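Encoded as structure tokens, the following chain is the form predicted alone, with no partner shown.
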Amino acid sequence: MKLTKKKGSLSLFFLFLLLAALVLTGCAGNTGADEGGVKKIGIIQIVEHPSLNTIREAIIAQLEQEGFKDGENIEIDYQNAQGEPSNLKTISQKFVTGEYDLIIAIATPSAQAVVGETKEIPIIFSACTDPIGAGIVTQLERPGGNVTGTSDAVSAEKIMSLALQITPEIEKIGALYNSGEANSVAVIKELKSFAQQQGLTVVDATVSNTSEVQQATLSLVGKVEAIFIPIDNTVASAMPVVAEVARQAKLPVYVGADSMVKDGGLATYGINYETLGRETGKMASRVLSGANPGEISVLTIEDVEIYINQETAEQIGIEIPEEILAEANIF
């Protein structure tokens, strides 16, 4: 009897050790996505247009390349505000109250909205031209807090220097932009500074929504020799409308993004938005793997290229210099 009792005690003891080991193994396995579950990622985009869509698609592709696949170990909830600021707030609040693990904000207004709603959930922004001026971060190097991302800052001086090579007769240039977009205001400020140095006059034509873009463009006809558009989400989403007015008026339109050239603008000195999206995706992957966003410096893409719409040039009667065509990406 005593021997049997002792064996039973030992069996219970080893059973206890086995259960404890299983529990510890289970806990150790929870170091993956969402502590063993699926991590929720919210993607918020201000409006539909090719540059922003390219960024979003590149982010998702890069995440998958890094091992984070939608429907497997992550769940992506993509929301588009359709250009309405009130929608940005609603979407941001949804992501915050839903306790999402990561929020990716595409374009400055999206980032501003999300940053205003949470100081805890990690935020990665993309295509924010001037994140400091927009109040998204206070510094680019190791910004601190829960936010970092990528900037699509372009040089108005570079674009206008290109414009003066293509159309040296410019004396007055129309600035078409949404004065409510901080990213656009920052670029237009640089444009005006450059114009003053070159003895050029800038004529403002501002809008607050896409329905005003056509009229604003028409208001510049007969007043300027060219139009400049920064990476403005409102105007970019209505770029074909601008291009048609400019084509009929034989006005060259210099823009801030390659997609805007593809949509009928004449030329730009800009970045590759797929590259921007890929870099944003790499940041998101690091944060999903446990990195602190505040310790990751904001990235500004340094490599810029010339983009020319040859069809637009022919339609408005402008001959692009051979030396520019030789190094340009042609649409």
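Start at 1 with the first residue shown and count on from there. None of the values given here were measured: they were computed from a predicted structure.
Beyond the structure shown, there is the form predicted together with a small molecule, which is absent from this document and is the topic of what follows.
Within 4.5 Å of some heavy atom of the small molecule in the model of the complex lies at least one heavy atom of residue 52. Put simply, residue 233 is close to the small molecule in the model of the complex: some heavy atom of it is within 4.5 Å. The small molecule is not drawn, but in the model of the complex it has no heavy atom within 4.5 Å of residue 123. The closest non-hydrogen atom of residue 176 lies beyond 4.5 Å of the small molecule in the model of the complex. Taken together, the three residues 44, 95 and 117 lack any non-hydrogen atom within 4.5 angstroms of the small molecule in the model of the complex. Only one of 95 to 103, 213 to 221, 253 to 261, 73 to 81 places residue heavy atoms within 4.5 angstroms of the small molecule in the model of the complex, namely 253 to 261.
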